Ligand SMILES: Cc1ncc(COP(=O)(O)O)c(C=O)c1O
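Only one chain is given next, in C-alpha cells, and it is the form predicted on its own.
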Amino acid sequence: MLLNDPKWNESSVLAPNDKTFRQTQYLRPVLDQIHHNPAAEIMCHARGRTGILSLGQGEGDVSTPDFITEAGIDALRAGKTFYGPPLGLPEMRRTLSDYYRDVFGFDLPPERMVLTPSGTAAMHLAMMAVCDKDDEVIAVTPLWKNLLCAIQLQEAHTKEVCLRENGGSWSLDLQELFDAVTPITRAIIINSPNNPTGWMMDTDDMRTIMEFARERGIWVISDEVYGRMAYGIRRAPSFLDVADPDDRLIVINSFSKNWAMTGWRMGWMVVPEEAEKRIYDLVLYDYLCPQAFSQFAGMQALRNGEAFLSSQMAWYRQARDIVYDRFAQWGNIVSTPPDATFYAFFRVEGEESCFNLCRRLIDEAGLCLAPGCAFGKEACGYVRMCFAVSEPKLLDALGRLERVVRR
C-alpha cells in the first residue's frame, strides 16, 4: 500500500510496539511530543491583519548601528564568504576573550570561546553535549520556550522549579531547587537576568548553586543573554564570577539584544577548556562552522559597542518608567519594575487566562503581546510586553492595552 493511498492510515495499520512501526513512522516521535508554543499561536492569530502593533517578540525597533553593519558589508566585499573554523575565527575568539577581560574582569583564554549561529543554537549545542535520552534537567522557570524544547529534543526529562511571585516580584527558593535534584539529574538551566520576569540572581546564590553542582558532578547551563541589560550596574552577576576553570559550566550568550542584531543570528558559548575538542567535533557534524562575515560585525560590536549599549539602556530605563507609571494609574495591574531586561511581565486582576487575554488584545485593540503560559506553569496568567520601542509606539501600545484591561 502506498503512503499516498487515501486508504492508508499509519496509526491503524501498525501499533507502536510492532517491530516495523519505526520503519513506517514519518518523523521522530519526539516531534509529536513537543508542546505547542502559545506565543507562536498568538502571533499566528495576529498574522495577516492590518494595523497590528506587536510588542510580543524579544526585540526593539532600532536597526543594527551603522558601524556594525558596515563591518559586515566590508567583510562580504572582501570575500569573507568561505568556510571558517568550526569554533569561530581565531580573531573573533580573541576579541571575546578581550571583551570578558575588559567588561567582566575575567581572564578567560580564547580556547574557551565558541561562536555559534545564534544564542538558540548555543543552547541546543549545550544540550547535545551534555544530555542523553532519559537524563533529567532541572529548569528554573519561567523560561523561554525554545530552551525548554532543547531539552525535549534530546529526549531528556524536564523538571520545572518555579520562581515564586509575591506582589509582582519574583524570587528563587534555593532549597526547593536542591530538593528537586535526583540521581539522574544531569544539568540545571538558569536564565539570569530572566526572560520574561526581569528577575536577577545575586552572586551569593550563584556561588551556592555552583558549589552544590560541583559536589554532585552536575552541569550548570547559564543563559546570560540579558547580562548587560541590568539597570544601575554595568553588567549582571555571572556564574563565571564564582566558577573554577574546570567546573561543569556552560555560559550562553548572544549578540542579539545588546547591539540590536537579532536578525544576524550570532551567539556564543563559554565552555570548560577540557570540553573544547568535543564541542569541536559536535559543531563539525552539526552546522560545520558559523558564518565568517557576520563575525567581523560581531567583533565591531564587542570592541566599539559600549556607547550604543549605554544609550539603549538609558532609553529602556525611561521606557520602563513610562510603562509602570501608567500601570500604577490603572490600579489593576500586578507587577513590579524589572531589575533587568526590556520586558514588563504583568498580570491583570480578574483575567484568569493569559492566552484568552492576548487573543482579545488582538481582536479588540490590534495589540500583540506574549502570553505567560508560553514560559512555564508558574507564568500562567501573566503577559509579557517588550518596551524596547520608540516612545510614540510605546504610548500607542499602552493606549491599546488600557482600552481592553482597564475597568
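A quick note: this is a predicted structure, and the numbers were derived from the prediction, not measured. Just count from 1 along the sequence shown to find any residue number.
The next section is about a form of this same protein that is not shown, the form predicted in complex with the ligand.
Mapping the unseen interface onto this chain, Ile250 falls outside it, with no heavy atom inside 4.5 Å of the ligand in the predicted complex. Remark: Lys257 counts among the residues lining the ligand in the predicted complex, judged by a heavy atom distance of 4.5 Å or less. Remark: Gly119 counts among the residues lining the ligand in the predicted complex, judged by a heavy atom distance of 4.5 Å or less. The ligand is not shown here, and in the predicted complex it never comes within 4.5 Å of any heavy atom of Arg326. Annotated contacts: Trp199, Ala230 and Thr336 are all free of the ligand in the predicted complex [non-hydrogen atom within 4.5 angstroms]. Only one segment in the set 287-295, 263-271, 178-186, 105-113 has residues whose heavy atoms sit within 4.5 Å of the ligand in the predicted complex; it is 263-271.
Residue-level contacts in the predicted complex: of Ala301, Ala150, Val225, Met92, one residue has a heavy atom within 4.5 Å of the ligand, and it is Val225. Of the listed positions (Phe308, Trp144, Tyr316, Trp219), a single one reaches within 4.5 angstroms of the ligand by any non-hydrogen atom in the predicted complex, namely Trp144. In the predicted complex, the ligand lies within 4.5 angstroms of at least one heavy atom of each of the following residues of 174-201: Asn191, Asn195, in sequence order.
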